[in-house]
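In structure tokens, one chain follows: the form predicted on its own.
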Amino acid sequence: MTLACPGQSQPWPEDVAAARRLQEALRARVVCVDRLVSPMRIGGVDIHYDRRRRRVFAAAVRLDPTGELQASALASAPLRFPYVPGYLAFREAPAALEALAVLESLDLLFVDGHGRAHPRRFGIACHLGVLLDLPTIGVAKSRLIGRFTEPGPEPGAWSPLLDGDEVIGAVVRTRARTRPVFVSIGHRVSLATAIRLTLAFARGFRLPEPTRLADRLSRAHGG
């Protein structure tokens, strides 16, 4: 059984084998160089689960180029895909797409999750970016794969996240005396630009403002 992907012809698989095939098929579409416009309408999206009710809650926000909140949207959907590390997009992306569809056009999207820093180089930030054909940056709170050297203690310090000899992302200190975040390419953004924009929008917090606001909204929604 498959589910229709909101706004797309691509179905949503409901088993791991089909999900892996879809990840590997879409991975070739990821663009790892900058394809941005300026000034930018910046979006953020975050997901929160209510396991008791078996629902996923998504919140999306849009900020203007100065970082001021312009709009927000909420969506929820039943959990239909099992919890399997590396396949969380199939639990989260349907609700995220519904929330993002409510907002007007975006020029850049921050996603609370991984992009290329993923076993098959296709985390949720890549998945949303490719489906929406939108420049996308993944900023995750914890590591999924890879090794790294702890970056320096000052805000702006970072170190490469490596899988073998391949650089799959960056471990970025956005705030002093706070754990770093894991930044990776989603789509149509280079890693250098992803790091720069993450730091530009951190504004004294651990998370960049678009996903920090979306995180707060999704948790209030799901509560």
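Numbers follow the displayed sequence, beginning with 1. All of these numbers come straight from a predicted model, not from anything done at the bench.
There is another form of the same protein, the form predicted in complex with the DNA; it is not shown, and what comes next is about it.
- The DNA in the predicted bound form is approached by residue 85, whose closest heavy atom lies within 4.5 angstroms of it.
- With a 4.5 Å cutoff on heavy atoms, residue 149 does not count as touching the DNA in the predicted bound form; it lies far away.
- At a distance threshold of 4.5 angstroms between non-hydrogen atoms, residue 47 is in contact with the DNA in the predicted bound form.
- Residue contact check for residue 54: none of its heavy atoms lie within 4.5 Å of the DNA in the predicted bound form.
- Contact with the DNA in the predicted bound form, judged as any non-hydrogen atom within 4.5 angstroms, is confined among 94-102, 108-116, 67-75, 128-136 to 108-116.
- If you take 128-162 and check each residue for a heavy atom within 4.5 Å of the DNA in the predicted bound form, you get 140, 141, 142, 143, 144, in sequence order.
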